[in-house]
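In the block that follows, a single chain appears as C-alpha cells, in the form predicted on its own.
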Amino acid sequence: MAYLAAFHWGWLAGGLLLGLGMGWISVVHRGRPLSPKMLGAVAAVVAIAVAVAAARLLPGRFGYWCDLGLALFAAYLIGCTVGTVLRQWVVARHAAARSPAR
C-alpha cells in the first residue's frame, strides 16, 4: 500500500478532491436513498473486495488493480465525508449569521 500511495499520490489526491466536490454539492440533491436491500448488497461487495485484498487472493496485476481501486474508493469516500461536513458547517454558520439577534 505504501507503494500505491507513493506512486499514485496524484490520482489519490484527485479522488479525494473529486469526493470533496461531490460531498459539497450532494447535500443540495434530495434524491431517494438506497434501499436497505441494495445497501446491504453494496456493503457485501465492498467487504468481499477488502477481504480479497487483505488475504492477497488476487496475484499480480489483478491484485494491484484491486488494491488501487480500493485505495481510490477510500480516498473518494473520505473526500465525500469531509465535503458534506464542511457544507453543513458553512450553511449552519451562514444561517446563524443571518438570523436576527434577540
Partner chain sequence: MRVFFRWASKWWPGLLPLALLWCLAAWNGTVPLENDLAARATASLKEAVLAQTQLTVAGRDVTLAADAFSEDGRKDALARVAGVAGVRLVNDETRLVPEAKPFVWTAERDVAHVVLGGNAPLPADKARLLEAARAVVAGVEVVDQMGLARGAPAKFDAVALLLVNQIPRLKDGKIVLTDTAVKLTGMARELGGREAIAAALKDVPEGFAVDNAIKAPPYIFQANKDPVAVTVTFTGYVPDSAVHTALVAAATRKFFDEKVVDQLKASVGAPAGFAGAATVAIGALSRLSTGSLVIADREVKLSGDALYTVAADQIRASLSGDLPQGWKAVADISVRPAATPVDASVCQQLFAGLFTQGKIRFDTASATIDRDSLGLLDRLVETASRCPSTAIEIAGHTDATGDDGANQALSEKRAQAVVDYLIRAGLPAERLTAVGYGSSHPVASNDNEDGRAQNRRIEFVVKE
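Residue numbers count along the first chain shown, from 1. No experiment lies behind these values; they were computed from the predicted model shown. Just so we're on the same page, rigid core means the largest C-alpha set that superposes within 1.5 Å between forms.
Another form exists, predicted in complex with its partner chain; not displayed. Remarks below refer to it.
In the predicted bound form, its partner chain stays beyond 4.5 Å of every heavy atom belonging to Lys37.
Its partner chain in the predicted bound form is approached by Val85, whose closest heavy atom lies within 4.5 angstroms of it. Shown alone here, Met22 lies within 4.5 Å of its partner chain in the predicted bound form, counting heavy atoms only. Contact annotation for Leu77: at least one heavy atom lies within 4.5 Å of its partner chain in the predicted bound form. With contact defined as any non-hydrogen atom lying within 4.5 angstroms of its partner chain in the predicted bound form, the contacting residues in 3-25 are Tyr3, Leu4, Phe7, His8, Trp11, Gly14, Gly15, Leu18, Met22, Gly23, given in sequence order. Annotation: Cα of Lys37 displaced by at least 2 Å between the shown form and the other one, core superposition.
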